[in-house]
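Only one chain is included here, represented as structure tokens and corresponding to the form predicted alone.
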Amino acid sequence: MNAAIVGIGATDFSKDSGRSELRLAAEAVRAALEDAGLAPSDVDGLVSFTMDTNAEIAVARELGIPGLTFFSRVHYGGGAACATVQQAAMAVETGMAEVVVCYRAFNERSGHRFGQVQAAAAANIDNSWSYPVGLGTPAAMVAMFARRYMHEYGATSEDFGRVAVVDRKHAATNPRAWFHDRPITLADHQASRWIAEPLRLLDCCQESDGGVALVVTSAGRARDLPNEPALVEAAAQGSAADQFTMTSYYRDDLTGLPEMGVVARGLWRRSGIGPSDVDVAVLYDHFTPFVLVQLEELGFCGRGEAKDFVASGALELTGSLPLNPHGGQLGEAYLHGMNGIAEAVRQVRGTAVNQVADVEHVLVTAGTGVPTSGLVLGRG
């Protein structure tokens, strides 16, 4: 693809921002443009999520963007993060826009909390089969999936906990992370309270306030900007047969995420690389069990083998597949995966706090249990 991420910006990550969601969005976009060496007047495209309350025209108005030739929104919550970059890259490649900013901002802890039962969501046909029997939160929905996965492959709560321990270890050395300087042990994970068995508190991502923005332009223009660009080597979205939102319980196999398999095949085909070529993996970690399943769907290990792959130490910074060096959504912040894309850019630039040596290719995923998306970013 002839597109690159040339700017990244974020607000602080907190539990009570004290600002409107529109202000958070404007702060993040302005920071990203400053990082890119560009001005609001250079922007002619904006992309966000359907769940973002900040309308494109409102963001443009607040920042003084004079006009937009492209604006778009992507569905399915966290599954949209990498797809916003895909939309931006397609707009740049087709000439619909020259500089596109992807953004996401919310007060997800102090305001509208996605992890709680939402009465309006019960009207969604995907939820109508599960809400009446008590599956009214994401944690409960994932718990059903996780229990079947444990039954099929012998995974345990400790296997899930190792993902949380790695993420929190990396967050502990990241000053921007909410859980900076607060690592956990596997014993801490096992002592944390149940949320929805077999998920414990430390299997579940945070609720955060904040915003993140990314600036996308052509690879050619990127060469004239101050920072090393992160080339968009591949982008993909994926939905699979019998896809529901968080509750795809009606498939013949209930232990996989075939939508992530669709993304994986698209990424490997378009980028020309494979799992063995990935230097850093930024995987969507809103719940720990889905990290294990992603490792299998993406081809890093066989079906049912992720528990052993994780236990081997592969996800450590010095392992064969460093995971979420920023701490992920479990350790840094829950910004629907957008902060993970920013970390991938830092890894490509060589400026991350927990920098992995000699990074050429970073894999990013977004969303699990919903239609998903992914990116392969590489050095320019």
Partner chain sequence: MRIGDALPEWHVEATPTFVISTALATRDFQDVHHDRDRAVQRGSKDIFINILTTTGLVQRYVTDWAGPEVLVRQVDIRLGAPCFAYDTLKFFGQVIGREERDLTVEVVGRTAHGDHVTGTVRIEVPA
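Residue numbers count along the first chain shown, from 1. Since the structure is predicted, the reported quantities are computational estimates derived from the model, not experimental observations.
Below, we refer to the form predicted in complex with the partner chain, which is not included among the displayed structures.
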> Which of these residues, R223, R269, R182, R303, gets a heavy atom within 4.5 Å of the partner chain in the predicted complex?
Replying inline: R182
>> Counting any non-hydrogen atom inside 4.5 Å, which residue from F71, F309, W178, Y153 sits next to the partner chain in the predicted complex?
In response: W178
> Based on heavy atom distances of at most 4.5 Å to the partner chain in the predicted complex, which listed stretch, 367 to 375, 8 to 16, 353 to 361, 21 to 29, is the contact stretch?
Replying inline: 8 to 16
> Even though the partner chain is not shown here, does H286 get within 4.5 Å of it in the predicted complex, heavy atoms only?
Replying inline: no
> Looking in the predicted complex, any heavy atom of L201 within 4.5 Å of the partner chain?
Replying inline: yes
> Closest heavy atom of H189 to the partner chain in the predicted complex, within 4.5 Å or not?
Replying inline: no
> Which residues, if any, of 139 to 164 lie within 4.5 Å of the partner chain in the predicted complex when only heavy atoms count?
Replying inline: none
